[in-house]
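Next up: the same protein chain in two forms, each one alone, written as structure tokens (structure 1, then structure 2).
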Structure 1
Amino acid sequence: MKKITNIIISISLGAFLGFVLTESQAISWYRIQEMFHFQSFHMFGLLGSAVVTGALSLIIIKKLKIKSMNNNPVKLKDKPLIWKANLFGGILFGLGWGLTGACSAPLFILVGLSWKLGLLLLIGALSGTFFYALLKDKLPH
């Protein structure tokens, strides 16, 4: 029963996030192009508010010692800074984002809105992830 409740909560939160991203125009190709051309503050404000919300949420989770849905303590692991990987990965992500006008969450929203382009972009993103997994061990560390 608890598993079904967790699934319902997850689907509800995902649908709410999709609604918020759609209504805030985060899936709009034009808004994303405005951001990359520094023509509008809209997306910077949206992304900045998401970062602040995430940071405040993590502070609250730590202070109140809130547990995960599986009743495990929430632990954050430090990730080592690998500047080349971060730089080139960020450039590739940014290029894909700029060319397609969509990052990971909006891809699923575009598919959900019955956009054929959304499905094509999702297949491209999943293909890129698959090829990275194949090449990961061959890449320099």
Structure 2
Amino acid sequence: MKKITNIIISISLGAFLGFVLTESQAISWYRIQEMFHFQSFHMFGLLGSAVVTGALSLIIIKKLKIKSMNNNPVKLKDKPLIWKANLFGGILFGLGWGLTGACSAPLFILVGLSWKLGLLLLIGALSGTFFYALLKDKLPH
């Protein structure tokens, strides 16, 4: 029962994000191009206010010691600082983002919205992941 509840929660939160990303047009290649050409504040406002909301929520959770649904304290792991990987990987990701207008979440939305293009993206992303796994030990981290 618990397991099913968890699955339903995960799917629902994914769907919630999907609706917001689609309705705000953040999944559109045109919006991403507009952002990288600084032609509109839309995407910057979107990302900025999302981060501010996330940060404020974390402060509130800490201050009020809010617990999770299973009554556990909320624990946060910091992303490990591996600056070469963060930066070089980040640049490669950015190249892909600029080319396709899709980062990871919009990529999955596109799989449903336009399955031929979406599957091309997904096959690309999975091959990229596999290729990274092959090269991992040779890359600067």
Partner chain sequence: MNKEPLAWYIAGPMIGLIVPLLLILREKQFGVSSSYRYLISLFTKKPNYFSYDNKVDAWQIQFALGLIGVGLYYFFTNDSDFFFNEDLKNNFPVDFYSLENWFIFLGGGFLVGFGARYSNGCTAGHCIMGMSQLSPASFIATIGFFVGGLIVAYFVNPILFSY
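Definition used throughout: the rigid core is the maximal C-alpha set that superposes within 1.5 Å between two forms. Throughout, residue numbering runs from 1 along the sequence of structure 1. Since the structure is predicted, the reported quantities are computational estimates derived from the model, not experimental observations.
The form predicted alone is represented by structure 1; structure 2 is the other form.
Assignment of C-alpha atoms to the better-fitting of two rigid parts between structure 1 and structure 2 separates Leu46 from Lys67. When the larger part is held fixed by C-alpha superposition, the smaller rigid part is turned by 15 degrees between structure 1 and structure 2. Taking the core as reference, the Cα of Pro80 moves 4.4 angstrom between structure 1 and structure 2.
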